[in-house]
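Quick setup: the structure tokens below cover two forms of a single protein chain, split into structure 1 and structure 2.
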Structure 1
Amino acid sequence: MADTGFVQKEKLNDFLNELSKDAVVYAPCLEGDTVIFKAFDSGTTLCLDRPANNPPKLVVFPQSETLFSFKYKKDAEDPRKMSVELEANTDFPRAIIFGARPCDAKGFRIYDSVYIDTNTPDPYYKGRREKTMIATLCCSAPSPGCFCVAVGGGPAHREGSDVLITQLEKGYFIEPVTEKGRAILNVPRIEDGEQYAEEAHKRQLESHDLVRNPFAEDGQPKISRALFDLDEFWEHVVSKCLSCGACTYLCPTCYCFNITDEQALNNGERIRSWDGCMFSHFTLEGSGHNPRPTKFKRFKNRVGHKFLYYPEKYNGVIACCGCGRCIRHCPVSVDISEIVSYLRGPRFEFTNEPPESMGTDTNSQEQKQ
């Protein structure tokens, strides 16, 4: 078997149709002017020219899923007694994520540490992850807001990917990264890619130097605890935030969820759905007390989780892949890379005025909620 493959540009749809025979293929597709990950079929329009608005995490960690169904049954001999029957479906279909970006693939490694590499693996995430192949497309140019190189990634980063794909003038160079990924070389419509290897590797190196690095001074997004614990700093830098939560839903590394039971008279379902720390109800307790009642405390927690708490627990790994989605899709352009850049210490001395480039909105108490 060849070590690499190549698919001619005009044969890409045929190649994806071949992949679809044995697995559900998710790919970035056009819906109007928006690019989203969805199941690929002959009626969809593939779009590989720009990253999808949403990350492909929904394939392995669905936005909403039924964990199990339950049914109450009375004891025929003693009606005072009742049993509960549970039924969980963990027979997940094979899936292929085609056209994820390196930052998307790296995001799955953040999930893996939480949901798989633990004494109590999550059977739903683990089951889907094991049956999913991730075929990643190298970025040929940076997108607005992205800063992947600053957090240990890059346009051709391999972490989390099973296959690495490089777009060339005539088609797509395909390079397996894992044993799972090698299976893609057996798919019809693919040819030996050896003659394109040098061109592909050159293209990968060229794209790396185009990505911005907001932490270029020392190469590390380590933040100052003194500034991090200063509430006045957060009140200023996130004053314009709307608490809409789009940043959490569009983030490839955010994994918070809520669980609800939807119940009829004798039966029901337990459902897991995405949730986000930027929502005011996220930490609301039954007593009515909320330990993070204002948006600046919620945003402080979001940044702290990615750049302090997660690295402290998982050997220095930063829980941000630098994809830039939270920056370019934020309705008021809150820039997490800019905030972390200020948080790194002496370069920024706190005054009663916010950092000039961030801008603020001053609607006092209502704006803080």
Structure 2
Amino acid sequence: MADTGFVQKEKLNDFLNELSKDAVVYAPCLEGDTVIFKAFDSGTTLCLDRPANNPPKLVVFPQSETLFSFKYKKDAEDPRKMSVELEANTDFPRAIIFGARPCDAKGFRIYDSVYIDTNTPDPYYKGRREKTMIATLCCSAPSPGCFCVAVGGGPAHREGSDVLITQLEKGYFIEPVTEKGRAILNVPRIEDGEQYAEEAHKRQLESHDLVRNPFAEDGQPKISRALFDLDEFWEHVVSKCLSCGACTYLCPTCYCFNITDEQALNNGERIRSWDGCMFSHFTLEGSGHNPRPTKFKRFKNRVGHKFLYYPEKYNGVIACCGCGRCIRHCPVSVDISEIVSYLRGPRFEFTNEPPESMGTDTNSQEQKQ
């Protein structure tokens, strides 16, 4: 069997239809002007030109899912007696994420440490993750805001992917990264990719240098703990934050969730749903006390979690994949990479000029009215 494969451009839809035969294929699809990951079928319009607005994390970690259902059973003879039955399903259908970006795929690795490599693995995540093959499309050019190379990734980074796909003139070069990924070579409509390997690998390298690295110098985020612990710093850099959940919900690595019960008469479910650390209610206690009452404290925790706490726990790995979605889609353009670059410290100058990536010559942008 060949080691790599190739799918002609015009055969891509057919190829995806083949893939759909024994798995649900999630692919970036166009809805209006929005690209979203959703189940691919004949009615959807594939869009591989740019990263999807949302990451494919929903495939393995749905926006909401049932942890278990419960049923109150009344004794037929004695209404005073009521028992509960619980039922949990951790058996999931096969799925394929087609057209994730390397940052998206890397996001799953951030999840894995928390959800799988622990003494209490999460059966839902794990169940879906094991049943999901991730076929990643290398980025040919960066999108506004992205900075994967600054957090250990890159436009052709393989971590987290089962298959790497490189878009070439005539079609898609497909190389398995994991054992699971090798299965893709057996799908009909795929041809041997060997003749395209060289061009593809060249392509993969090319785009790397186009990606910005906001962390200048050595290109690694560094955090001054003194500055990090300074409330005024956060008050200054996040005053414009609206405290919404766009950044966390679009983040391929944000994995926080909420658990709530819903019940209708005798039946109900315990539901897990996405939650975000930028929401006030996230940490709000029943008594009304809130340990993170302000958006400053919440933002500090979010940055801290990604760049301090997670690395502290998991061998220095940064819990940010640099996809740039939180920057691109932030309603007020809060830029986490900028904030982290400020955090180099040791002393934060409030009058700091913006980092180089930002326009300094604002006069040239004048609207001549």
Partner chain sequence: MTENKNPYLPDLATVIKVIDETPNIKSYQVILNDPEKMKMFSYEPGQVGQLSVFGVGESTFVINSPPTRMDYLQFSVMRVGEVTSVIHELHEGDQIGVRAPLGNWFPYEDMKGKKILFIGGGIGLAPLRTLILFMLDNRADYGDITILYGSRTPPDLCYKDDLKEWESRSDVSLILTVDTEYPGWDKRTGFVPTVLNEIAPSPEDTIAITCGPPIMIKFVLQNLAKLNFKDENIITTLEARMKCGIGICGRCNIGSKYICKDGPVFSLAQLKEYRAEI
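Keep in mind that this is a model prediction, so the values were computed, not measured. Reference numbering: structure 1, starting with residue 1. So that the term is clear: the rigid core is the largest set of C-alpha atoms that superpose within 1.5 Å between two forms.
Here the chain appears twice, and structure 2 is the form predicted in complex with its partner chain. Annotation: Cα of S280 displaced by less than 2 Å between the two structures, core superposition. With the core held fixed, L205 shows a CA shift below 2 Å between the two structures. In a rigid-core overlay of the protein, N267 has its C-alpha displaced by at least 2 Å between the two structures.
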